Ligand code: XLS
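Below you'll find only one chain, the form predicted on its own, shown as structure tokens.
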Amino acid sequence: MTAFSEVSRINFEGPDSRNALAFRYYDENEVIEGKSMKDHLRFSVVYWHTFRGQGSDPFGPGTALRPWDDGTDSVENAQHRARVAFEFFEKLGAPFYAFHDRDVAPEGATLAESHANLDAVVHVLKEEQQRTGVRLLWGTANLFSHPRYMHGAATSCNAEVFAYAAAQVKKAIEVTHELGGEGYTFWGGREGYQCLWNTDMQREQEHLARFLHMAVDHAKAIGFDRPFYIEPKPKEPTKHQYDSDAAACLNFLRQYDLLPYFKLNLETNHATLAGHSMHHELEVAGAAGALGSIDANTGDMLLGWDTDQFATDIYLTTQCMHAILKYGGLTTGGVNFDAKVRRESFEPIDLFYAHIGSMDAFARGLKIAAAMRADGRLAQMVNDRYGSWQSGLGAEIEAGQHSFESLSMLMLDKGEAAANASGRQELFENVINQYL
């Protein structure tokens, strides 16, 4: 008896399908810009929300019906849950998954026991990967849930907590390597502060940098040559997190000589919390050559916290995919569904409905973005807007042929700059809507 016996493999049936358990736009074999949709999108299901989320919130306990869980936190139950998860991945047709160490295996009474629990479940994960062909997009360590991390992990004021976190990450990197993970992600949920009066910010950031250099050194030592990712978020659970947005992360990585080893894993809801759009964060990371992967979700504009909803807004998914295509596409990263069904959507079948809808939304975004690029009109409009830089003075400045002195002489002689042209924002927005 399987956990999802009522569900067969989700297939592509086209836009006219009324089947709620079918893709209308995601045809994994359709070729876009020389690659299949499957290779462009590299969809990944997260273990934490999908198989550990219970639908609880600050006002009430969990509502989720998960009949495969027996109510214990045993290794045996974790192993059974892993097999159920792979049934879901396989039937959905998702080529990747992602996890935190404490999602897949229970924490033990000691670090050694936690390691042993993780090894026992990793044995099952490896078997299931071989059986299904589903791969690990990236692994990570949960350095924020346990009370020991109340002051942070790599930024803790307690040196032994720093050491414990190092041991936990060491094991998580080794497990990710063992499972053939395409990368490894750091999200510093408590690497920040609640109060500056009791915080030595410089010391904490230096400790964080030292921690990450240790991770780089260990990855080299064991032959794990896949990229590390930093995931920006400005707040929640701390008042301020040091990885607050893409620009802050890039500045930190440059300051501490870590940029050669890290790219960014960007999340839509985190961008919103930082006061940015996902489009902005993608452009910042892409321009720096640091776009690695995305956590595909969205927030609710009427709610001021991290709601982690599934993305179904075609305008949003088009922005995402246009930026991703612009900067060369996803290689080791993917479109990772760091999203959870609503508390009211408590039945197991809702997991399928949620993922199908968002996979279709990203497939539509990919097709629209590719059509925009093929048509070339938007690119030409942008190019025309910067026409003064294509030749003459603009081209000379970009080529480094001028100084303040030469430019000052030129403009003193001319007396005034040429008149500006309209930015035509409304026209640009109208053109975008013509593709949707």
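Quick note: we count residues from 1 along the sequence shown, nothing fancier. Because the structure is a prediction, the values reported are computed rather than measured.
What follows is about the form predicted together with the named molecule, which we do not show.
J.: Report yes if all three of Asp101, Glu113 and Tyr184 come within 4.5 Å of the named molecule in the model of the complex by some heavy atom, otherwise no.
T.: Not a single listed residue reaches the named molecule in the model of the complex, so no.
J.: Can you check 133-141, 200-208, 216-224, 281-289 and let me know which stretch has heavy atoms within 4.5 Å of the named molecule in the model of the complex?
T.: Correct option: 133-141.
J.: Could you spot which one of Asp243, Glu174, Glu128, Asp306 gets a heavy atom to within 4.5 Å of the named molecule in the model of the complex?
T.: When the named molecule is considered in the model of the complex, the option within 4.5 Å is Asp306.
J.: Determine whether any heavy atom of Lys233 comes within 4.5 Å of a heavy atom of the named molecule in the model of the complex, and answer yes or no.
T.: Yes, Lys233 lies within 4.5 Å of the named molecule in the model of the complex.
J.: Hey, in the model of the complex, does Trp48 get a heavy atom within 4.5 angstroms of the named molecule?
T.: Within the cut-off, so yes.
J.: Any chance Glu191 has a heavy atom within 4.5 Å of the named molecule in the model of the complex?
T.: No, Glu191 is distant from the partner.
J.: Though the partner is not shown here, which residues of 336-359 have a heavy atom within 4.5 Å of the named molecule in the model of the complex?
T.: Residue within 4.5 Å: Asp338 only.
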